Each structure stands twice: as C-alpha cells, then as structure tokens.
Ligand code: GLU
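Have a look below at one chain only, the form predicted alone, in structure tokens format.
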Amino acid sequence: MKTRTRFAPSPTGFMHVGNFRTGLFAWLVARQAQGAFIIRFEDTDKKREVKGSREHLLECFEVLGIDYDEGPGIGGPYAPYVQSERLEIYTEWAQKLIDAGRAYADPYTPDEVQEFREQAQRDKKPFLYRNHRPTNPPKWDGSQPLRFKSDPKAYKWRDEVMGDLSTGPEVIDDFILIKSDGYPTYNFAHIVDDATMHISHVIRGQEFLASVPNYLNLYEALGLKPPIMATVPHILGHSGTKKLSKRDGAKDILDYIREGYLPDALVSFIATLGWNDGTEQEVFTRDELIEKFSLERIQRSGARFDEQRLLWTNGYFIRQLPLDELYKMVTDFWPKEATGFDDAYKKQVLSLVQERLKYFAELPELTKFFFVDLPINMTLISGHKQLKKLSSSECKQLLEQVQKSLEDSDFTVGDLNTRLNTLLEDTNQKPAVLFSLVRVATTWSPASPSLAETLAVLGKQKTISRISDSCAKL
C-alpha cells in the first residue's frame, strides 16, 4: 500500500507548536516513503470554528515550506477535503451501520442522559451509555443523534510510538456518530475519511489514545482494516510537568516568523521535540530529517519546550547564512534610525552582529548605536563589576589616553587592535577594565560586538566624538 499520511486540523484558532509538530511528523513519513501528504479540515464543530482559521493554517504550512499533495485549494482524487462538504458520504456510511444493526437513533434528551451520568456517580460506577441502550429505538430521521451500537471486547494493537497496547471490554461504549444538527462527530468522520482517502498512517496526539479501542470497534463494524497508528506525546511547558499552554509559550507559529525566526530553524527545532536520530546531532536540514526520521525514534514521554534551545537553534541557522542572503531577510527589522544609511554600511554592521543575532527582532537592540548616539547612561559604569571600582577621574584619564592614541590611527581593524593592546601595557590595566570602558564610552549600549571591529565600522570621527563627549560627562 502506498504511504499516504494526513494532517487534519480543526479550524478553531491559530496553529501552535503542538499542532504543527503532528503535521510535520506526518509530512516526514510521507516524504521519506515518496508517498502523499494530505491536508483535510475537520470542521464539523461549527460552534468552535474561528473565522480565518483555515487560511491561517494553510499559510503556516506555506511559510514553513511544508508542501502537501492533496487538500483544500489544490484538490485531489478524493475531494472535497473539508468535512462539512462531505455530509452525504457520512450519511451513506451511517446507513451501512444502520442496515447492519450497528447504529441506532438516540431517543433521550440531554437532561435524561445527564441523569444517567449522575446516577452512575451515585452508584460509584463508571458511566457507560450502552447500559442505557434503548430496546426499541425510533427510526433515525436525522433529527436525533445517531449512536454506534458497540460490541464490547478486549483489544490488543500496535502503536508505532507507544508499542504494544491492550484494553478490556469495559472501555468500549456507544458513542455518537452523527449529531442532531446533521454533522458527524470526529470519532466517526475521521474513520470514514481515512478509509475513503486510503490513508496508511494516522499520526495524532496523545489525547486521542483512550479512544482507540472505540475506533477499533467501529473499524470492525465497517469491515475496515485499521491504518498504522502512531501516538505523539504532549509537548510540555518549560517546567516539564504540564502540557504546553499559551502562558508557557504555545504561541502562533506565524508569530515566530514575524519575530524573525527562520522556517528551517523552526522545522528543525520542532522535529526534535521528542525525536532524535540516536546520535548527538542537534540541528537538521530538511533533507536530513526526511532521510533520518522514524516513528520508532519518537520518545513515549512528553518533550519539554525549551525556549533557550529554540533561540540557540535559530542563531545557528542565522550564522550559516551568506551575508547577502541574510541582509535581504532583515530588511524590515532595522531600527528606524538606520533609515538613510547606505547598504554598504548596514552590511558592515550586520556582519558584526550576525554571530550573536538569535532572531531578527532583536536587531534594533544590537545595532541602534551604529546609527545614532545613545543617551549616556552612567549605570553602565557604576553597575559594571570592574568599572565601578574606578573613580570618575580615573575613567576620564584612561579615556583621554585612548582618545590621544586613536587620533593617530587609520582605523583599520589591525591598527586598532595593535593600539588597544599597547594601551593595555601603557595603562597597566586588564582588558576587562580598559576595553569595557572604551566599549561603553563609544556605544553606551549594554552589549556590542568585537571592540576593534565595532570602532572600525563606527569610524574615526564618530568614535573620537563619542569618547570626547563621555570625558565631558565624567
């Protein structure tokens, strides 16, 4: 059977890391086997649907470079790929179950069902709808929910991630197939869709694991062979104790793009949340992921979302970029003060900060002092571990020596390094003192790149002027 995987999101909000990882794993399985990857919208819960979600979800895949072979917008042999447009198909399959005596109209009101639940609680027993199955249900006319008539039994099955699993008959129950509003439930629709679309692998989140025995019961009733199943554990928050939430950083995938995270970095990072290839390798290209990925290497426990590792991964990919390519990418991220400066100067600045740039949105913080004089902030001296030991007059005296030396410099990096090292000997100071003082006096920024290179890019006039102003302030 040809490998055919699918990602079937509900259009109920933005795409976060957990959603995307499930889709990414399905894409990797399909691409590795040179199979097909399908996107399908499961939009039968109309009350929860959020306007614009469909377009947003597709945009996430497009921006991150995850292509699909069949689905909304491009069609395919098993269209439509939106559940609300497939209602006739579900009705046909529901009729098969009715004809086989495996589905019935639910005659009870919601209040009556709630009373059954409360009675089970009072009896200290688990609630099972099949214990209240009507003996003579009415003919189903679409106005009542249609329920599956289960056949409780024990099951054993293989999960490609979780291994060999089994349950007893006590977990099997009569669940709703089609709601009174005419829309199918997820439990019914996804099985019909996977069967009619010839899906070979079903990869989904851990929250669906408890429902698998009911799915197996339904597969049997429909005469279907279950697909290969793989259950992906939760992504955990930074504490590692609970499922990742918005509070812990489960934000919109597109927000990462807007902040200047690279698609390749996000794909590598998300793929390695709970998966590794058995080596020490930490970052992967797309081709490496396709070559090395396997469901068997997904860990069974939850993977902790580590924001610092994401920053490191993105910084790694930024450092691999040619300068000209990176320059095109950061066009919209320069500080407003950079307006009017030419490309050559900005490329010089970018080349200095590329090594420490973790995401594009921090470019203004790292580079603003190259374009404008920042306010003199004496706490950068008084709060510095070494500089706070010096008096103002000592700082001023050191800077005057630096200024005198630099006035004769040609401001090449080589000459600046020579002069700065000579100043260390002449002043009998440590680099942590002298170089830090010069850095503060010429940038008034909490951090900056290599000192000699920074001064070379700033240029002689601006450097001398800033040292002079700093001396006056001291």
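Numbers for residues come from their place in the sequence shown, where the first is 1. Source: prediction; values computed, not measured.
There is another form of the same protein, the form predicted together with the ligand; it is not shown, and what comes next is about it.
Visitor: Consider the chain as shown here, without its partner, and state which of Lys346, Lys292, Arg304, Arg204 has a heavy atom within 4.5 Å of the ligand in the model of the complex.
Guide: After the contact test, the surviving option is Arg204.
Visitor: Only one of Phe127, Trp312, Tyr327, Phe208 has a non-hydrogen atom within 4.5 angstroms of the ligand in the model of the complex; which is it?
Guide: If I apply the 4.5 Å criterion carefully, the residue I get is Phe208.
Visitor: If you check in the model of the complex, is Glu42 within 4.5 Å of the ligand, heavy atoms only?
Guide: Answer yes; at least one heavy atom of Glu42 falls within 4.5 Å of the ligand in the model of the complex.
Visitor: So, in the model of the complex, is Arg4 in contact with the ligand at a 4.5 angstroms heavy atom limit?
Guide: It does not: once the ligand is placed as it appears in the model of the complex, Arg4 has no heavy atom within 4.5 Å of it.
Visitor: Closest heavy atom of Tyr316 to the ligand in the model of the complex, within 4.5 Å or not?
Guide: Judged by the heavy-atom cut-off of 4.5 Å, Tyr316 is well away from the ligand in the model of the complex.
Visitor: So, Pro9 and the ligand: in the model of the complex, are they within 4.5 Å at any heavy atom pair?
Guide: Yes - in the model of the complex, heavy atoms of Pro9 and the ligand come within 4.5 Å of each other.
Visitor: Look at the stretches 196 to 204, 96 to 104, 361 to 369, 164 to 172 and give the one with heavy atoms within 4.5 Å of the ligand in the model of the complex.
Guide: Heavy-atom contact with the partner occurs in 196 to 204.
Visitor: For the stretch 154 to 188, I need every residue with any heavy atom inside 4.5 Å of the ligand in the model of the complex, listed N to C.
Guide: Stretch hits: a single one, Tyr186.
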